[in-house]
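In structure tokens, one chain follows: the form predicted alone.
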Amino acid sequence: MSSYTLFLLLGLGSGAIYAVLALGLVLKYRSAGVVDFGHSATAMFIAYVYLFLRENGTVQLPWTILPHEFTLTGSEMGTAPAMILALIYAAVMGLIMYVLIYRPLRHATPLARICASVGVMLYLQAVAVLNFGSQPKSTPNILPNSPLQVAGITVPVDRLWLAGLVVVLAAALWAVYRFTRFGLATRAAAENEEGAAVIGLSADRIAAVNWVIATVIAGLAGILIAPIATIQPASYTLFIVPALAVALVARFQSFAIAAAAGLALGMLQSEVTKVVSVLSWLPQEGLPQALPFLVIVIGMTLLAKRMASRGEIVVQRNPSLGRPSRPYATTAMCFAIGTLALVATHGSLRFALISSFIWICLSLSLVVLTGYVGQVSLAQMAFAGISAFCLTHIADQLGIGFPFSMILASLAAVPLGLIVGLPALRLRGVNLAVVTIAAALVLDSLVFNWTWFTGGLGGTKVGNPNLLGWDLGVAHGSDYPRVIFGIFTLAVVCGVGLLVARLRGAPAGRMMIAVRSNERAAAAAGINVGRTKLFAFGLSSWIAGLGGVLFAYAQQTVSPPTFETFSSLTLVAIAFVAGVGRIGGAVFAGIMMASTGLFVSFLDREFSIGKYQLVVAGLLLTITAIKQPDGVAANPPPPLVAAWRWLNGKLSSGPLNSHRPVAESER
């Protein structure tokens, strides 16, 4: 039993970090009404600031390409001065982020807030990878680390220090926000902004101060965990999932519950790690990471109706929807143009064009789910991955040939999509986004680590699609990539685009739009809201699964990194920036913005800038959420409008619908 107790105590380290991050999330939500998905990415960046101050006295700036560091002392700095300067840096960074990003979004829709914070997450993570590399970095111990004997068990004393700091910090925050004038003002502004303004309280100023405090707390968490877990961009950034689970248990209100739940979750994860090492029949990887997802789903289900609301002024305006004009003619024209483009290109550009087609298919899955029915999913690439890996088993092990293997593999994503969509019966907006990103992380860390299913890091090979003896594969001998495979992919994507276009005006599509506009009004009109949401999740996951199958055929060897959590976030980024309510937006996202798509690949070949794609995607996502939530396709550049009108032969409207007035029911 001593080893089990040891693992429990060791879990206090990670639990303390979850708790500290959750305290910051609670503070941000209470003061500004924002669930900040970029919170742990901020903690990660502040940890790097501390690391470089400690090592060589340089200050790191949150951008790339341009000079991003300057020398402060030119030599190694002590722990205390480096930590103080890093936390001051965090305060300034938090204030700038609030003023530039979150204050303009205080009265925005939940979707805009989600996308802005996801954009911050992507941007900071990408900048960290470019500037500091992806290899883990360690820092000297900050807290005492001598071994301590507790009931015959040797425990590093820094875990106990961390747990004690969490308790002290939670108690201090509770006291400040319970008894001080500033705390009372924060509560007043959160409960009734208009009433607070009448008595002379500035909700913006109060939220700014609280945002600064929360960012400093995040920076403190990032610095304290560095000696225990090492600093690494991806792992640090994804600490947001367990932190969100803890904040949900605390209903984004209670500091005490957040502290206790964070410590408990860390200890439970550590104990599961021990149990997994003893019971060989359990999944050997990813099971501890699955616990936050279970906490989130259970917490959301039980507390959805009890989540504390804030008294804020919100103008509910969803991204505007396009109304496809002449979908059959437009589809035929797109197919003809795509075929000509495939014939005209060759080599890497042709493959990039094929990749664009696949990203268009993936983006269309978000047009259905987020555009038409207003539900947010941050797990689309996970659905695509499930279908891609199922394809290899269906085709190779079951011996089912094309096209039935493709159909069955794409349908394999539907049950998973429905399971993830079940919380949507009670949740929406940011709460649903929390569930889906947790689901994506679980699939990434648990299912995609099953070697028998995915083949591990080496992946599994995928056979070419063969129809009646006609090889449709991407490669045949030295012929790569083949035009016939591009035409096959284009035909599938055009078919999906036509389906989504026809759905827009069909009864099912009109029910989706009604649910998006007002769920209560839709229910009063006789629409089954739950069934409509689940239908949207099922259809969306099927389209994403179809995109995953096309990815598998195109890459020939499919491996887990293709479908990692950040791929799902990137998909949301490019789809939202391009226009998540429009088919034209999906086309723009696939061709102009996808990391392996035509435009980015061309720029990378000519100017070697492809590595900056994630930085640009995160930055554009944040800017779009603030300035143009309808996306680029809602107001495309004039030359693009003129070219499309000329091709479409219609002066008044087109699939981009740039000048069609948007009905109030579509908002």
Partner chain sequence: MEPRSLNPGRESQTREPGSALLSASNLRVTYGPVVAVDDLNLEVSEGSVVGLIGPNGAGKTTAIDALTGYHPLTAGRVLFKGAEITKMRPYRRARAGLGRTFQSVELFDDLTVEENLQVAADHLGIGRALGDLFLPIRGRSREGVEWALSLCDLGDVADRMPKELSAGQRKLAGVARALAQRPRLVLLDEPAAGLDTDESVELGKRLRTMPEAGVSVLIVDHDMSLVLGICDEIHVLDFGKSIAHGTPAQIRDNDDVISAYLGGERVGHVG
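Note that the structure is predicted; figures quoted are calculated from it, not measured. Numbering follows the first chain given and starts at 1.
The form predicted in complex with the partner chain exists for this protein as well; it is not shown, and the discussion that follows is about that form.
Proximity to the partner chain in the model of the complex, taken as heavy atoms within 4.5 Å, picks out 532-540 from the listed stretches 477-485, 263-271, 532-540, 167-175. Remark: M511 counts among the residues lining the partner chain in the model of the complex, judged by a heavy atom distance of 4.5 Å or less. None of the heavy atoms of I419 is located within 4.5 Å of the partner chain in the model of the complex.
A residue is said to contact a partner when one of its heavy atoms sits within 4.5 Å of a partner heavy atom; N464 fails this definition for the partner chain in the model of the complex, lying far away.
When the partner chain is considered in the model of the complex, A190 lies well away from it, no heavy atom lying within 4.5 Å.
Among the residues L342, I591, M97, L503, the one placing a heavy atom within 4.5 Å of the partner chain in the model of the complex is L503. Proximity to the partner chain in the model of the complex, defined as a heavy atom within 4.5 Å, holds among S235, S348, Q253, N518 only for N518. When contacts are defined as a non-hydrogen atom within 4.5 Å, all of P507, A522 and I527 contact the partner chain in the model of the complex.
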